[in-house]
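One chain comes next, on its own, written as structure tokens: the form predicted alone.
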């Protein structure tokens, strides 16, 4: 083959590649999924995007707050990623207000998102009548995971209420087992408190505290009872808890060192990555008077751009993220359930099936803190909770005072 022929062939090949959109659909995706289970899940999205001819450039930054800060700084600075992760809720409000992210209403109407997604997820993603993010999953945040062998060996059943959980925990401790593995960081202490609040205080009290900032609700006998139950749970946590990562807490249950662990269902990804199966090595239950599930999840936003290649990449990403088959495979690895309620979950684990069954009744759908609260108020509540948790000498009444102060001062 002559040099001229080789050059012509190369030029034609490049032209074909460009025309196919393979280069045009290069997408940098900024997210915080770095644990074993999370990494396996996000790879599903990356692989599916690659199958469309796109190039997924992964930018994983550990820690949600760190990733959000880095991404927002880049967007404001004019160097945005193609797509960026947020939690479902109010975290991206300022970006919408300042016209820094695209709406995806055209895709939402075409895909009938309002018809196939739970109302709390829709309402948490729509601004001024338009979708400004692509929801990708539904996470139940108040699951109790337990080691089936350790509970059986101790002769106890999975607890149904929080007073029962405390009694069960004391029996496990007497057997030399860590009753409750906790990620000893403020956000996980706060997550545990919210599980007690919805499970013992109920959905209306949960909404009154986080949504309405009702000081009367915070000063009620019901809220004080929640605070006292939460305080009693300190005795169930081992001394190694402070500073511990959530996935390391889950690992204690996986490795038979601890019996129970409260977390969102993303923790299932760690059990799956360790080769364990729901219903065998571990189980899951919702502790409380009613099976109310606190739901949130993850969304991706598309920074505003005039770059046609980036716009095309964003449109393709939106299509990939909500493809039914992709939804199923992603959520199997992530531990969540599909945000599309029209997806058949019969091939998922029993915990996912239980979650889907509970959520069929809208009364069981309780909006997560991120859907109800501003980031500032969520942060103020977290500060109050972690101060109370880490100070056994603080009374429930003193904690109530901190909560009411947070309600009155946070923006």
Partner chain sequence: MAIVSIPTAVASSARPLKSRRRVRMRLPAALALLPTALIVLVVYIGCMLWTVRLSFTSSTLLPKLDWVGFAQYSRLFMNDRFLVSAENILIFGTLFVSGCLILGFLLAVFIDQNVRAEGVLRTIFLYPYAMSFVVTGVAWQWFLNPGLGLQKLVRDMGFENFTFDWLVNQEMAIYTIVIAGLWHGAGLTMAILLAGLRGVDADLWKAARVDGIPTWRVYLSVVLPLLRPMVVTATVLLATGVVKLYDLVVAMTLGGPGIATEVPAKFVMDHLFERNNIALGTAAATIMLITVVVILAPWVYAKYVRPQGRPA
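Numbering follows the first chain given and starts at 1. Nothing here was measured: the structure is a model prediction, and the numbers come from that model.
Below: the form predicted in complex with the partner chain, not depicted.
- Only one listed stretch (290-298, 141-149, 97-105, 320-328) carries heavy atoms within 4.5 Å of the partner chain in the predicted complex, and that stretch is 97-105.
- Contact with the partner chain in the predicted complex, judged by any heavy atom within 4.5 Å, is made by just one of 247, 191, 272, 91: 91.
- The contact residue chosen from 129, 176, 155, 239 relative to the partner chain in the predicted complex is 239, the criterion being a non-hydrogen atom within 4.5 angstroms.
- Every member of the trio 243, 375 and 387 reaches the partner chain in the predicted complex with some non-hydrogen atom inside 4.5 Å.
- The partner chain is not drawn, but in the predicted complex it has no heavy atom within 4.5 Å of residue 351.
- Among heavy atoms of residue 382, some come within 4.5 Å of the partner chain in the predicted complex.
- Contact check for residue 76: a non-hydrogen atom falls within 4.5 Å of the partner chain in the predicted complex.
- The partner chain is not drawn, but in the predicted complex it has no heavy atom within 4.5 Å of residue 46.
- For the stretch 190-208, the set of residues having any non-hydrogen atom within 4.5 angstroms of the partner chain in the predicted complex is empty.
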